[in-house]
Structure formats: structure tokens, C-alpha cells
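Before any questions on how it binds or moves, here is one chain, the form predicted alone, in C-alpha cells.
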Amino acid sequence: MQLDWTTFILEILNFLVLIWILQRFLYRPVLDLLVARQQKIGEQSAQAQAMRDEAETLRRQYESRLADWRQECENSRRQLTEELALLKTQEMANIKQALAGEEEKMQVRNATLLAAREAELLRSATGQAYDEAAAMLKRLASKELTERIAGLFLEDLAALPENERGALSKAGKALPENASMTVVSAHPLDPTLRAAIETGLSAAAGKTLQAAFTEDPMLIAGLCAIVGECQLHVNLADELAFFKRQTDHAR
């Protein structure tokens, strides 16, 4: 076999031309395309990483804000609980104070009603006792009792204190001429007793006075002497009335 160097050299040139053509029109554009593609992928990866970093930052900010919000909610809940507890305590204190005031008013009202009821019962009992005592004294009353009381009246008239004697004297002297004093008795008095009473009153008044004698069964027993503006009561009806008035004043 004989080597044709011309053909061999031409084949080599063809091969080099083919390599140049491939390098020029195929490999380099493909390499440029791959480089651009790799650069684009790198840019997209960097952009994706930046987005992930931003998302992570946003997540941290969200979690931080969420924690702050939860803390604020907890603080608000605790503050609201404390305010409600304080308001409840104040309202309970106000309710207790109002109830205490109402209880005090009720106690005062009940005490007033009880006192009024007791006063009414006492007044009724006093009136009943007065009526019963008056009824009993009326049964015991007699002419002898009136005369006995008249005797005691004469004894007291003789021992009349100076000031009362002066008042009786003043009333007697104030009577006009021919005016008489009045003696009212529960029972008729005999002439001797009438004369003694007239004499005793004249002596006490320091002036001779005439007496007009009348009877009033309402006195029960005893008598009542009227000398001008001065009145002397020695009878059971006035004594009962006196004790009844004292009982009413004591209430």
C-alpha cells in the first residue's frame, strides 16, 4: 500500500476545517448558551435565596409580633381581670353599705313601730286599768267615804303651806262683795260638815266667805272647792286623772 501524502494532507486540512467549523458554529454557541443558562440559574438561585431570606425575616417578624400580641393580650386580660375584681369589690362594698343602711333604717322603723305599739298597748292598758279602778272606786264610794275625805281636807287645810295659803287668800280677796265660793261634793254633806268646810276655807283665805254647796257623782268620792281662781281638789276622780296623766307623761 502506497501512502498519498497529498490526500493525507488534504484530509488533515479537511478535519481541521471541520473542527474549526464545529468550534465556531456549534461548540462555542452551545458553551455560551450553557454559560448563560448557568448564569441565569445562578441568578434565579440567588433570587430564590433572597426570597427565602426575606420570607424567613418576615416569619421571624410575624412570630415576634405574634408573641408581642399574645403578651399584650395576656397583659390586657390580666389588667381586665384586676379591674373586674376591683369593680366587684367596690360594688360588693357598696351593696353591703346599702344593705347596712337599709337594715339600720328597718331597725329604726321597727323600733319606732314597736315603741308606738308598746305605747298604744300601755295607753290601752292604762285606760283599762283607769276604767277598772274607777269602776271599783265607784263601787266602794259612799257618803261615809266622802265625809272621811272631807275630814282629811279640813286637816290639810289647817296645815296648808304658807305659799298655798297666800294664793288662797289672794283668790279670796279678789272675789267681789257678796260673791261666794263653790264646794262640789260627790255625796250630799250634812250641815255640820258644810259649816266646818266653810269655816276652814274662810280661815285659810283670811276672809269670811259664803259657800254654795252642790253635788256631782262624777267625783266618785270627796269634794272640790273653788275659791275664785283657786281650786282645791280632794276627790277620787281627780286623783285617778292625776295618776293617768303622770303615766301618760312618763311614756
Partner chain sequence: MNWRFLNGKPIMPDKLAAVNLQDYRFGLRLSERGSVAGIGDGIALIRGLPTARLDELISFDDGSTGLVFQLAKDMLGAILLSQSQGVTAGMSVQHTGRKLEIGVGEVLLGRVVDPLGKPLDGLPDPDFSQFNPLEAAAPPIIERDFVKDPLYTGNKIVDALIPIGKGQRQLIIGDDGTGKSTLALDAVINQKGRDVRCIFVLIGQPRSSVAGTIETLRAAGALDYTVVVVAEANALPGFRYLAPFAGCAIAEHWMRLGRDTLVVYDDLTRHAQSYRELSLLLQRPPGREAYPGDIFYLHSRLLERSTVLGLSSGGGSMTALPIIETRQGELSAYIPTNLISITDGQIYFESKLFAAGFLPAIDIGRSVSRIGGKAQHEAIKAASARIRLDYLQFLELELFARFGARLEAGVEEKLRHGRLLREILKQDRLEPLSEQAHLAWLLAYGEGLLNGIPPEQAAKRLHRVFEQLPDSGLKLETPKPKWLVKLKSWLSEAHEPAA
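Positions refer to the first chain, counted from 1. On a predicted model such as this, the values are computed, not experimentally measured, just so you know.
This protein has a second form, the form predicted together with its partner chain, left out of what is shown; the following refers to that one.
Query raised in the report: Quick one: in the predicted complex, does every one of Ala134, Leu137 and Glu147 get a heavy atom within 4.5 Å of its partner chain?
Result: None of them does, since no heavy atom lies within 4.5 Å of the partner.
**Report entry** Answer option from Glu120, Glu72, Glu83, Glu91, heavy atom within 4.5 Å of its partner chain in the predicted complex
**Finding:** Exactly one residue meets the criterion: Glu120.
Requested in this report: Consider the chain as shown here, without its partner, and state which of Thr112, Gln128, Ser76, Ser142 has a heavy atom within 4.5 Å of its partner chain in the predicted complex.
Outcome: None of the other options qualify; the answer is Thr112.
Query raised in the report: Though only this chain appears here, would Pro161 touch its partner chain in the predicted complex if you measure heavy atom gaps against 4.5 Å?
Result: It does: once its partner chain is placed as it appears in the predicted complex, Pro161 has a heavy atom within 4.5 Å of it.
Query raised in the report: How about Gln246: is it within 4.5 Å of its partner chain in the predicted complex, going by heavy atoms?
Result: Result yes; Gln246 sits at the interface with its partner chain in the predicted complex.
**Report entry** Contact flag, Met181 vs its partner chain in the predicted complex, heavy atom cut 4.5 Å
**Finding:** So Met181 does not count as contacting its partner chain.
Query raised in the report: Does Gln231 reach its partner chain in the predicted complex, with heavy atoms at most 4.5 Å apart?
Result: Judged by the heavy-atom cut-off of 4.5 Å, Gln231 is in contact with its partner chain in the predicted complex.
Query raised in the report: Heavy atoms within 4.5 Å of its partner chain in the predicted complex: which stretch among 220-228, 39-47, 61-69, 191-199?
Result: Within 4.5 Å of the partner lies stretch 220-228.
Requested in this report: Let me know which residues along 102-117 have a heavy atom within 4.5 Å of its partner chain in the predicted complex, or say none if there are none.
Outcome: Going through 102-117 in order - heavy atoms within 4.5 Å of its partner chain in the predicted complex - the hits are Glu104, Lys105, Val108, Arg109, Thr112, Leu113, Ala116.
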